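One chain comes next, on its own, written out as structure tokens in the form predicted on its own.
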């Protein structure tokens, strides 16, 4: 039995991300020693029956059908935001002003203006000990965290090239139904913000360099989709009857951009980025390759327990060596299974909770901060601006 002070969590939203976050809040204190004990106190959602069913399934003690009631409660210490991007700013700012810590899913907002207001609210709240973090969970994948460690140790030398791809295929069926992810008013953008934001954050975090300019191309392959149908996973099967109503897709299906990085000693680093939900056969290929003057590394989430590393000091014919990131000295791994027993997608969210709760317990700013997420938001905006202006170079 733990004697740690409780951290009473209220979560807004209970679908895909809500389920992942719920699992993380339940699991983290069972494998890691935390300074505070997370309690799944309440979950909020607009549909009363739906949120009650989710609470029963995911392990929440109580429910609210209005997120405002959640923030008003005295028995809530932290608000976890797992809703579409158009709601992030209002919920996060209200929670911070009410003295609640905040974990907000990525991307931080649907616009730079919203992200700036959220960052200002976070910085103001932090002066009173109220902390916030944006949920770029791939930072907590042990292999990517090891890549960051290698860069920090100087094993790649000066960074020259970054190649980042995020490839999925769940939207390739032109008759998959409309969802909120295809509505710009709700989601902010398509593949760019949904998955490309992860690549942007991972590239900047691993290299320690920020993107300073971009030239971009956005494309929407399917302009309309059925409004009704059966949802399966993130996609599904739309209503194909002749009189079935269809809705307009208002976001990008694919995003491609070149980038220049600044900062550190590698001001000349350049990058290429691609994000799409139309890459048939690629289920969740979040890939990152970094080339430096002393070495290179490569990661693919579809082989998430491995990191490929090339050391220029080795024999030229040695090539990349594959490191299985399952040793106890590797990031996060020592709290899990014996060597060789890999981790999965859900573990990144557990590690996210561990880092957040530890930071709150130590009264220090967790990472990534809202300011870090604002930098990503500015890159997203620059990509959209460039694409809207014939791929002209756009400063971030």
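So that the term is clear: the rigid core is the largest set of C-alpha atoms that superpose within 1.5 Å between two forms. Quick caveat, the model's predicted, so the values are computed rather than measured. Positions refer to the first chain, counted from 1.
The form predicted in complex with a further copy of the same chain exists for this protein as well; it is not shown, and the discussion that follows is about that form.
Could you tell me which one of 154, 281, 99, 245 places a heavy atom within 4.5 Å of a further copy of the same chain in the predicted complex?
Going through each option in turn, the one that passes is 281.
Of 130, 202, 145, 254, which one comes within 4.5 Å of a further copy of the same chain in the predicted complex, counting heavy atoms only?
By the 4.5 Å heavy-atom cutoff, the listed residue in contact is 254.
Examine residue 59 and determine whether its closest non-hydrogen atom to a further copy of the same chain in the predicted complex is within 4.5 angstroms.
Within the cut-off, so yes.
With the partner left out here, check for me: in the predicted complex, does some heavy atom of residue 115 sit within 4.5 Å of a further copy of the same chain?
So residue 115 does not count as contacting a further copy of the same chain.
Taking heavy atoms only, is residue 30 within 4.5 angstroms of a further copy of the same chain in the predicted complex?
Because a heavy atom of residue 30 falls inside 4.5 Å of a further copy of the same chain in the predicted complex, the answer is yes.
Does at least one non-hydrogen atom of residue 73 fall within 4.5 angstroms of a further copy of the same chain in the predicted complex?
Residue-level check for residue 73: no, no contact with a further copy of the same chain.
Heavy atoms within 4.5 Å of a further copy of the same chain in the predicted complex: which stretch in 346 to 354, 61 to 69, 43 to 51, 361 to 369 meets that?
This holds for exactly one stretch, 346 to 354.
Need the contact residues for 308 to 341: heavy atom within 4.5 Å of a further copy of the same chain in the predicted complex, sequence order, or none if there are none.
Heavy-atom contacts within 4.5 Å come from 310, 312, 314, 316, 317, 318, 319, 320, 321, 322, 323, 324, 327, 328, 329, 330, 336, 337, 338, 339, 340, 341.
Honestly, after the rigid core fit, is residue 174 moving at least 2 Å at Cα between this form and the one not shown?
Shift of 2 Å or more: no.
After the core is matched up, is the C-alpha of residue 317 off by 2 Å or more between this form and the one not shown?
For residue 317, whose C-alpha is compared between this form and the one not shown after core superposition, the shift is 2 Å or more.
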